[in-house]
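Let's start with one chain on its own, the form predicted alone, as structure tokens.
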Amino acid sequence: MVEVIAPGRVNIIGEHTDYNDGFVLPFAINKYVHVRISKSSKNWEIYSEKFRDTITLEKPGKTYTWADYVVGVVKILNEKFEIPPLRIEVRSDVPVGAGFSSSAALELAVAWGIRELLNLPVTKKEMVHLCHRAENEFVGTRCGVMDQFSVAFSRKGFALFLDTATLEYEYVPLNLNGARFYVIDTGVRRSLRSSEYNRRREECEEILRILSKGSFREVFMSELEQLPDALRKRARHVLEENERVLQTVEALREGNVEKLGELLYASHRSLRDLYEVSCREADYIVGWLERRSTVLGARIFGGGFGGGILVLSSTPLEELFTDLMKDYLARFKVTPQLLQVDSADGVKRI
């Protein structure tokens, strides 16, 4: 029997750029998916502490439940290795549907646990690719590789600056000069499969087709006039968001939290107006926070259409949040949640 933990992650900036060969800047957080894996005598058993339910399978196959993230990893591993029936027990304190990449954390925890249990000759980077394939090909969410990569390679105290075109990366100190990151969970849940997430990826592929480009790294702002209005907006977001990532890396290196905050707000406006993946609840929270002088920056993060808001504050946010919660609850009849997030290391056996 082995036990493994894999963290959730927050993306500081670089949204919807990872599947466009762009730059991203995530860090893992101290919220974890914890799995315990042992060999089973006959059937596959996948247990969730949250749902208090065991899914039993004679062989890995579609369940059309959360367990497909587990099964997808097993199916991909089975292409190269013979994986015997296993009992996989899962518990987690990573919020689901809030942009923390709970699915990638689950995938990496399961993959790394199976590797450790069976002594599979697989590197961490190979695990990242197989988990990415599991989510794309088996689950059906056409996400980029950022989530799996950050869950695997993050380091406590640092952001992970990743070039998704080359998978070259470096660690950037989280130099916040006394400011802190918080996350406000809007309480709005979305399924990326049933949202327009995959549609955004299709639009980006259409942009490259129209411009006869192999990658967004070959696209220039001056070429966007050739595109229909909606596609022009999508492309502009990708190009400008890549530049914001580079500026954010420099702001962190310099400890310039004011500049960092400005970039967060700019990213949110772009996701709202150009990429159109925000929602009215998220826009309300960001607008409310922008009017408070102690809040340096905020933006929606994750796939969009709901989920979480990343907030950079120069002072503790709890008191302000009490007032925000009252206004938000009165307007939307939903109670938001406040989380203070700290950085963490990537997936590991315990």
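Keep in mind that this is a model prediction, so the values were computed, not measured. Residue indices: 1-based, along the sequence shown.
Although it is not shown, the form predicted together with ligand GLA is what the next lines describe.
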Quick one: from G261, G72, G97, G144, grab the residue that has a heavy atom within 4.5 Å of ligand GLA in the predicted bound form.
G144
Using heavy atoms only and a 4.5 Å cut-off, determine which of F153, F181, F161, Y197 is in contact with ligand GLA in the predicted bound form.
Y197
Any chance P60, D68 and F138 all have a heavy atom within 4.5 Å of ligand GLA in the predicted bound form?
no
Quick check on Y328: any heavy atom within 4.5 Å of ligand GLA in the predicted bound form?
no
Is there a non-hydrogen atom of D21 within 4.5 angstroms of a non-hydrogen atom of ligand GLA in the predicted bound form?
no
Would G302 count as touching ligand GLA in the predicted bound form under a 4.5 Å heavy atom rule?
yes
Segment assignment from 166-174, 144-152, 204-212, 262-270: heavy atom within 4.5 Å of ligand GLA in the predicted bound form:
144-152
